[in-house]
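What follows is a single chain, given as structure tokens, in the form predicted on its own.
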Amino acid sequence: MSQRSKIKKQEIVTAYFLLTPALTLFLVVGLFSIVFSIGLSFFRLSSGSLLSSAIFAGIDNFRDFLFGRDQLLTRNFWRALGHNIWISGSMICFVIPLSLSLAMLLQRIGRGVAIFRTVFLIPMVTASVSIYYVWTGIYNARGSLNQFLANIPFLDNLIQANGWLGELNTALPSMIVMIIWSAIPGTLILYFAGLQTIDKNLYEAADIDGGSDFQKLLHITWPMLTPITVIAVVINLNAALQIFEQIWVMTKGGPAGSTMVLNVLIYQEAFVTGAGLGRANAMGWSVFLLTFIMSLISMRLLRDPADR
């Protein structure tokens, strides 16, 4: 064996040795947890029960919430899914255009751009739970939103006596506004970085041809940012389908289930009501499959036509 081969073999052995702790952690914690969770979704097991008491249920756990075997759970599941879809649609319709608009505005600002970037990034660097409590205070019956409306004569009829999170008709829209606000900074960063990669000569050529700002946006900026848009849509879609902590901290799915989403329902099923860890795992994997499929569809629809 040549000296070069010996050195290469030693490098491979060293690499595997250095990777062993991470691989061991993944196999013990990550892969085992995934396999265990998949297996548990086919068993009946209540919260706090021993594994020895698990009863094989086949696909009954899935039938319980998907096909009406448990009518109350099925109704709650599809209602929660509808709320997730509303949140997803709202994020895509508002976060994407608002983030792009703000990114373009930041690019045009000369002096003081660092200050504006800092302001826009505040939601990302602030502890999330503290943000949720601030928004809860804003939406409170005696919060700043109601006080603001009370000082405007023609808007005082919009005041919510039980708070904006305490009314059936306003709880979910209020949550969506907060979710959009908190999602904009991350998407803004993506678009701002993408704008820096666009060749300025393209805009100069458009100016020579007499192109308007809207035409430059439509024919240069938007097509060049298609890869960024695909990433932004997938990230926001996944965030909307997997949303949990905002709802749990601010409303816990209330009032009367008007802000219930899938992950909150799964958490309640597993740990609050203690009805069934098996059923909760089954719902969790259903949400995973839904998120995966929606991400693939989004990537397919937004892909460059030349690559289809």
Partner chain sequence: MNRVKTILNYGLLALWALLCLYPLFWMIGASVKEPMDVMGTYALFPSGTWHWETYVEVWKNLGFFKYFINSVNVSFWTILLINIFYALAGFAFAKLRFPGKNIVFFGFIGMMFVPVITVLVPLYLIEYYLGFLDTHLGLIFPMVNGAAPLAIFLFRNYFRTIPHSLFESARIEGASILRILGQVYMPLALPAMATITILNFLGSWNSLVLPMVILSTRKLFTLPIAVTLLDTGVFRQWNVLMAGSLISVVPVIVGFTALQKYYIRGLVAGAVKA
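Everything quoted here is computed from the prediction, not taken from an experiment. The term rigid core refers to the most C-alpha atoms you can superpose between the two forms while keeping them within 1.5 Å. Residue numbers count along the first chain shown, from 1.
Although it is not shown, the form predicted in complex with its partner chain is what the next lines describe.
Colleague: Within 4.5 Å of its partner chain in the model of the complex: all of Phe77, Pro173 and Val230, by heavy atom?
Modeller: Heavy-atom distance to its partner chain in the model of the complex: none of the three under 4.5 Å.
Colleague: Pick from Ala193, Leu155, Ala161, Ile208: which residue has any heavy atom within 4.5 angstroms of its partner chain in the model of the complex?
Modeller: Flagged contact: Ala193.
Colleague: Can Leu102 be called a contact residue for its partner chain in the model of the complex at 4.5 Å between heavy atoms?
Modeller: The answer is yes: Leu102 has a heavy atom within 4.5 Å of its partner chain.
Colleague: Going by a heavy atom distance of 4.5 Å, is Leu23 a contact of its partner chain in the model of the complex?
Modeller: Leu23 belongs to the contact set for its partner chain.
Colleague: Might His219 be said to contact its partner chain in the model of the complex, defining contact as any heavy atom within 4.5 Å?
Modeller: Contact with its partner chain, no.
Colleague: Is Ile297 part of the interface with its partner chain in the model of the complex - any heavy atom within 4.5 Å?
Modeller: Outside the cut-off, so no.
Colleague: So which stretch, 69-77, 199-207, 87-95, 141-149, is the one near its partner chain in the model of the complex (non-hydrogen atoms, 4.5 Å)?
Modeller: That would be 141-149.
Colleague: Quick one: name the residues from 237-257 with any non-hydrogen atom within 4.5 angstroms of its partner chain in the model of the complex.
Modeller: Result: Asn238, Gln242, Phe244, Glu245, Trp248, Val249.
Colleague: Taking the rigid core as the frame, does Ile297 move its C-alpha by 2 Å or more between this form and the one not shown?
Modeller: No, the C-alpha position differs by under 2 Å between this form and the one not shown.
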